[in-house]
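The chain below stands alone and is given as structure tokens, in the form predicted on its own.
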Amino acid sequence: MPQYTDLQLDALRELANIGSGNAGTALSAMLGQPVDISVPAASTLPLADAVEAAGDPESPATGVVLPICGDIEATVLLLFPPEDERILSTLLGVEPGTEDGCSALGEIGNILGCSYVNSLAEMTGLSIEPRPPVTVADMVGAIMSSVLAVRADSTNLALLMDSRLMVEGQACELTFLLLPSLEGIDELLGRLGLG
């Protein structure tokens, strides 16, 4: 794995923090309710460690996957545990686990992911955009393995954020995982003057 300096890693974490804040603002507009997203943990990890950090591989979750294309190639993955899926679905007036519930969760993931990606583009001047999201329900380990298999040839580093999403006084936890290619990380750092 390439070695990044503390300054480079801090800059990547700061991009993640700003992106998350913008994602919270976008979700608030969608729900019409105050939303706050804090980022208590942001880390740059080898892929094997990122799998473990994403949660118990045997626990169920719903994942929203957004491929990113343009000046850098990457994948954004959001993982929602069942209880948090229930809370968000209820707030949107849909039944969790149904087709409408999965569609609503996919739209939430799409809004969060797009807001994050747009923040990256604005801060770095990169021309990047997400492709349509895919929503899957499975065990955390299976979701992670599927996503990582797509990026394994070009990536061995993940930016992992464990975020706490607060909507109308209810706590929802989600894991936000960004998997850029190594070239993508170098391009991000170069745009920040830290290449």
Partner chain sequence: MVRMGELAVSASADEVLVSIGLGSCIGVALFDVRRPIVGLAHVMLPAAEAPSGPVAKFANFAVPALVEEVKELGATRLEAVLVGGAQMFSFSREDGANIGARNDGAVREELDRLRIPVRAAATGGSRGRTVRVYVDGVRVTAREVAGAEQQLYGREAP
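Here the structure is a predicted model, which is why all the values come from computation and not from measurement. Numbering follows the first chain given and starts at 1.
Keep in mind that the form predicted together with its partner chain is not shown, yet the notes after this line are about it.
In the predicted bound form, its partner chain sits within 4.5 Å of a heavy atom belonging to Asp138. Within this chain, Asp36 is remote from the site of its partner chain in the predicted bound form, having no heavy atom within 4.5 Å. In the predicted bound form, its partner chain sits within 4.5 Å of a heavy atom belonging to Glu58. Residue contact with its partner chain in the predicted bound form: Val134 places a heavy atom within 4.5 Å of it.
Just one listed stretch, out of 68-76, 99-107, 86-94, 114-122, contacts its partner chain in the predicted bound form at the 4.5 Å heavy atom level, and that stretch is 68-76. Residue Ile143 is the only one of Ala26, Leu159, Ile143, Leu165 with a heavy atom lying within 4.5 Å of its partner chain in the predicted bound form.
Contact here is defined as any heavy atom lying within 4.5 Å of its partner chain in the predicted bound form, and by that definition not a single one of Ile128, Glu183 and Leu188 is a contact residue.
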